[in-house]
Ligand SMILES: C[S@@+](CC[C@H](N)C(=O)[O-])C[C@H]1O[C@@H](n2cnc3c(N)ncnc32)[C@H](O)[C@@H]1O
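Here we start with a single chain on its own, the form predicted on its own, put down as structure tokens.
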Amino acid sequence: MATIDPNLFSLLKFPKNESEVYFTGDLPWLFKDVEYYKTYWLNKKNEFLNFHKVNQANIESELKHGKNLGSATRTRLEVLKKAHESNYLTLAQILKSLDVAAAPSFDVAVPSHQSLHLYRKNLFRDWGWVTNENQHAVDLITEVVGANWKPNRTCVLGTGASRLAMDLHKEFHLPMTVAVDFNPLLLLVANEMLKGASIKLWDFNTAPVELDSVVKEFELKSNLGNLSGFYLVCGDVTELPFKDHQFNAIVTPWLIDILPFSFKLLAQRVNQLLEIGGSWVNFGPLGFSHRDESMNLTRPEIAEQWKECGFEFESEKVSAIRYLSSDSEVNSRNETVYLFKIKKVKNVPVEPFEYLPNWLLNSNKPIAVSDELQRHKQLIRFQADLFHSIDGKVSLSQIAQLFAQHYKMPADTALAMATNVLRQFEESIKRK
């Protein structure tokens, strides 16, 4: 039976009892409502595995029924079929510990876009490809923190597949590193790397030119050796399980621009984790995509906000880098990353964060009627009526005439709307 290390447990504000810690394998899940997340990630696991199963079945059908397939095409399909089948079996084994799930509750706010598909390329970048990207990241951070940086307790938020967190732990001889992420696939693979295991996975390229670059098998493995004092934790950055002021350093790699809340709310939470004099080290782009434009910050705006949140400047660097770059990856890209090291000088209050409205978290509350909801109601009603009208006999023009009368709109507007809905539907079933 898995147990939690006393050094890690001493940092936690929840759960209160060691016996209440839930594990997948020997990976601790430190969510406030573990039962919800068990169900959530089980559903995502089934969705992820089904992707490989469905693609394998579709390819088998193409091979069996496809007419006039060229030899090169048949070769490509055979390799793709093998890759989907192999990945399905490997991933099913890795994710086996997610099989235990409970009935879902509705009082936890999980962004529905989160899935096991996200950042799967990072598994290969961290542990499979031959690339200098990982070392480049360490070198850039070293320029910002200095070669003698050695905090006693470090927390890496958004650790992903954890290569950077492990590299930093080893490079700087850190006594204790706690690496936190939301995605259990990334963490379960990182945990296998931590134990010295190896995993064979196929990497699918989305825009290959040559036959041999369509899909490649890699052996994921670590050469970092034993990393004493390194801990992996499955948890949520929006509701972290740690007591206040427990860390000397917080590292946020490729994180600050992808969270569902503002940089200011993150800065308050980082402040809450750090002791006075502790450092916050950031590494990643500023690709904010919030609906509120005021939250999509540039470097000077970030500096203004961290000052408000109890930090003072120490060092920074802006650098152009290659991201997900490898001879094996046909879609690598260039990124401009912003690195900073700032020091906590005072405590600040932490504002609450709610990702979803109260009426969605509490099913007994009345649903608020917003302008956005009203517009969506109209769109959904139009789409439902449109699909209900299709009986194999009427044409688009006939439907548009009926809808023009029913919705009191010009016939050409009704035709354009109906055509657009059905065109999107037909295009969606022709693409992956």
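None of the values given here were measured: they were computed from a predicted structure. Sequential numbering from 1, following the sequence displayed.
Same protein, other form: the form predicted together with the named molecule, not shown, and the subject of what follows.
Undergrad: In the model of the complex, does R269 have a heavy atom within 4.5 Å of the named molecule?
TA: No, no contact at 4.5 Å.
Undergrad: So, L255 and the named molecule: in the model of the complex, are they within 4.5 Å at any heavy atom pair?
TA: L255 belongs to the contact set for the named molecule.
Undergrad: Heavy atoms within 4.5 Å of the named molecule in the model of the complex: does T159 have any?
TA: Although the named molecule is absent here, T159 would touch it in the model of the complex, with heavy atoms inside 4.5 Å.
Undergrad: With the cut-off set at 4.5 Å between non-hydrogen atoms, does L168 touch the named molecule in the model of the complex?
TA: So L168 does not count as contacting the named molecule.
Undergrad: If the criterion is a non-hydrogen atom within 4.5 angstroms, does every one of V237, L259 and Y323 touch the named molecule in the model of the complex?
TA: Yes: V237, L259 and Y323 each sit within 4.5 Å of the named molecule in the model of the complex.
Undergrad: I need to confirm a contact call. Of I141, A249, L186, A179, which residue comes within 4.5 Å of the named molecule in the model of the complex, counting heavy atoms only?
TA: None of the other options qualify; the answer is L186.
Undergrad: If the cut-off is 4.5 angstroms on heavy atoms, which of these, S279, T131, N191, N122, is the one near the named molecule in the model of the complex?
TA: Selected option: N122.
Undergrad: Since the chain is shown here on its own, which stretch among 291 to 299, 208 to 216, 228 to 236, 308 to 316 would lie within 4.5 Å of the named molecule in the model of the complex, judged by heavy atoms?
TA: Of the options, only 228 to 236 has residues within 4.5 Å of the partner.
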